[in-house]
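Heads up, the chain below is alone and in the form predicted alone; it's given as structure tokens.
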Amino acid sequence: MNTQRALYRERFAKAIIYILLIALAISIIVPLFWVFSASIKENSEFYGNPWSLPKGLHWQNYRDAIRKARLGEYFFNSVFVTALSLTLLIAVAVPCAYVLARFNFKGRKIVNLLFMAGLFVNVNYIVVPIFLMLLGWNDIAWEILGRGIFLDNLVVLSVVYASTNLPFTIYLLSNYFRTLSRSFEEAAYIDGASHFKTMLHVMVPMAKPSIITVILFNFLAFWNEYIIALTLMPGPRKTLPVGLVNLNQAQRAAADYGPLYTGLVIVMLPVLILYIMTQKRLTQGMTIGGIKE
């Protein structure tokens, strides 16, 4: 009897978990499907049943959003900023995390403490000091070069993104490097490899799951970031989230909803594609980091 009761309880608990997971999946899939279907509706269809399927494929919404609303330009600006930010971030974070995890040197605890303290600083709270600092440098650039180079600059925005996400990235990567056995490094040193070659050709390939994980997390942060881009890009050049908000305000005033939902699809699609491509690596990177050496 006790065995049967335990079996029934286990089945009941599994059924509850499956029901909750199905409900969660539906709560995510239904809004996504609704946004995709709304992006190909004609404007007149929004005044009827909002849950009705589109009567046809109105691809004009995508052309209007890309050309008239300049979402195509904003999309490529976001691609450039995100790619450059990730490149700078990984190029700096991987060596820093490796050194902090595998080497003992004077001042290591202080450096590690500073990076840990950076985890508790919300960049949105320091965006005004960053703006004022760049504004001062911009005034100096005007005096020397005759033009400003620190505001409304995609490269500078990328540097700010990368630098403000360094603590989080170094924290994750250094914890992962600590889980790797030192025997691999010792074998590489015996073969005559330098510290840099050992890191680049031995340790970094082993840390691929963790690196892919931080790339995905930071991609989401850079791709969807709004406040810093709005503050540091006051000119006509915008990233996609800022351009989408401007489109939202314009299309609501004009009561033209098709291009608005098209903009949402353009923002979401790269994130969904990247997640599908890196799902297995992401799961591996999140679980294996908890293994102790």
Partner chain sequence: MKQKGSKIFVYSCIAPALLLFAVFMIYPTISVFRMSLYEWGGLSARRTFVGLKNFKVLLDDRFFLRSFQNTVLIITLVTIITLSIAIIFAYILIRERIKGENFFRVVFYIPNILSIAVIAAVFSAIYAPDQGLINGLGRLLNPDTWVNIQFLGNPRLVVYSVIGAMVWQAIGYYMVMYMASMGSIPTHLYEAAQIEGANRVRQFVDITLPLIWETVRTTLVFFIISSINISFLLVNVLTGGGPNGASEVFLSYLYRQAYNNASYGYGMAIGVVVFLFSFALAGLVSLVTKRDVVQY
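Computed from a predicted structure; not experimentally measured. Numbering follows the first chain given and starts at 1. If you superpose the two forms and keep the largest set of C-alpha atoms that fall within 1.5 Å, you have the rigid core.
What comes next is about the form predicted in complex with its partner chain, which does not appear here.
Undergrad: Which residue, 148, 72, 209, 95, has a heavy atom that falls within 4.5 Å of its partner chain in the model of the complex?
TA: Partner contact (heavy atom, 4.5 Å) among the options: 95.
Undergrad: Can you work out which of 215, 84, 204, 193 has a heavy atom no more than 4.5 Å from its partner chain in the model of the complex?
TA: So the residue touching its partner chain in the model of the complex, by this definition, is 193.
Undergrad: Establish, in the model of the complex, whether 174, 178 and 236 all lie within 4.5 Å of its partner chain, using non-hydrogen atoms for the distance.
TA: No residue of the spot touches its partner chain in the model of the complex.
Undergrad: Would residue 248 count as a contact of its partner chain in the model of the complex, using a 4.5 angstroms cut-off between non-hydrogen atoms?
TA: Answer yes; at least one heavy atom of residue 248 falls within 4.5 Å of its partner chain in the model of the complex.
Undergrad: Though only this chain appears here, would residue 163 touch its partner chain in the model of the complex if you measure heavy atom gaps against 4.5 Å?
TA: Residue 163: yes, in contact with its partner chain in the model of the complex.
Undergrad: Closest heavy atom of residue 62 to its partner chain in the model of the complex, within 4.5 Å or not?
TA: Although its partner chain is absent here, residue 62 would stay clear of it in the model of the complex, with no heavy atoms inside 4.5 Å.
Undergrad: Decide whether residue 54 counts as a contact residue for its partner chain in the model of the complex under a heavy atom distance cut-off of 4.5 Å.
TA: No, residue 54 is distant from the partner.
Undergrad: Scan 42 to 71 and note down the residues that get a heavy atom within 4.5 Å of its partner chain in the model of the complex; none is a fine answer too.
TA: Sequence-ordered list: 46, 47, 49, 50, 51.
Undergrad: Comparing between this form and the one not shown on the rigid core, is the C-alpha shift at residue 50 2 Å or larger?
TA: Comparing forms between this form and the one not shown, the residue 50 CA shifts at least 2 Å.
Undergrad: Core superposed first: is there a CA shift of 2 Å or greater at residue 226 between this form and the one not shown?
TA: Moves: no, less than 2 Å.
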